[in-house]
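Given as structure tokens, the chain that follows is alone and in the form predicted alone.
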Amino acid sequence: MDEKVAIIGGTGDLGFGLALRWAKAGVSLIIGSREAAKADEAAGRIRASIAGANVTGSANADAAAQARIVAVTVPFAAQAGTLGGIRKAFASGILVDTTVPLAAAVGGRATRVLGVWEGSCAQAAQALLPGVRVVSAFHNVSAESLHDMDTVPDCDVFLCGDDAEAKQKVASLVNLIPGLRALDAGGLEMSRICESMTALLISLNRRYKTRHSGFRVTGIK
């Protein structure tokens, strides 16, 4: 992919895992964090582990201003504040929202999902950034498997969004990661269902003592 991608929250588990995989695939990346120093440190770790990686670090707003595709990989409790912080810098483009409204964000159980007034985290993101095309994705991908470069993730990634071109671009990013397959799950309203499926995976992981469970849809070539 020729376009530069910013990962806001790229110092966290999911964001850093995606950065590793996309850097390996040759994507030009900017790691975003509330603290520029933390972003620089994360970018340096990726460059040290992935030969030829084109990765830099910056504060969130600066990272968003440099990219046309921005992936937000922060916990639910930080979503609104993070999006508010990049709103002026990122007034148009494609936002990839990975947020899941788990009750753990407010001290509850990770297997419970909170209600979101707009319907889903992705729809809340759309309300906060009305000029941006929002695509929800990566809710059910194991961050641990992304970090282990010797592991091939085994998971379908459900994309929800109201703009077909935006979903195609995000699908291209998904498909750069071996083992992942992008599936168009419908409009942004479907993100309510896809986000809630993360709680089911957490429950399965606990019962079967694994951290790598994912979803595969059969019958689709």
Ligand SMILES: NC(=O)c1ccc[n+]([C@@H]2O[C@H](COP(=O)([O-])OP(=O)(O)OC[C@H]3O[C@@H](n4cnc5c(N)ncnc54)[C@H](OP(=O)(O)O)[C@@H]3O)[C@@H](O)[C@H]2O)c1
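Heads up: residue numbers just count along the shown sequence, starting at 1. Bear in mind that the values here come from a model prediction, so they are computed numbers and not experimental data.
Keep in mind that the form predicted in complex with the named molecule is not shown, yet the notes after this line are about it.
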| query | Okay, which stretch from 84 to 92, 67 to 75, 108 to 116, 127 to 135 lines the named molecule in the predicted complex, with non-hydrogen atoms inside 4.5 Å? | reply | 67 to 75
| query | Could you tell me if Met149 has a non-hydrogen atom within 4.5 Å of the named molecule in the predicted complex? | reply | no
| Gln123 within 4.5 Å of the named molecule in the predicted complex, heavy atoms | no
| Is the gap between Ala104 and the named molecule in the predicted complex 4.5 Å or less for some heavy atom pair? | no
| query | So in the predicted complex, does Arg47 come within 4.5 Å of the named molecule, heavy atom to heavy atom? | reply | no
| said: At 4.5 Å, heavy atom to heavy atom, what parts of 157 to 193 sit next to the named molecule in the predicted complex? List them in sequence order, or say none. | reply: none
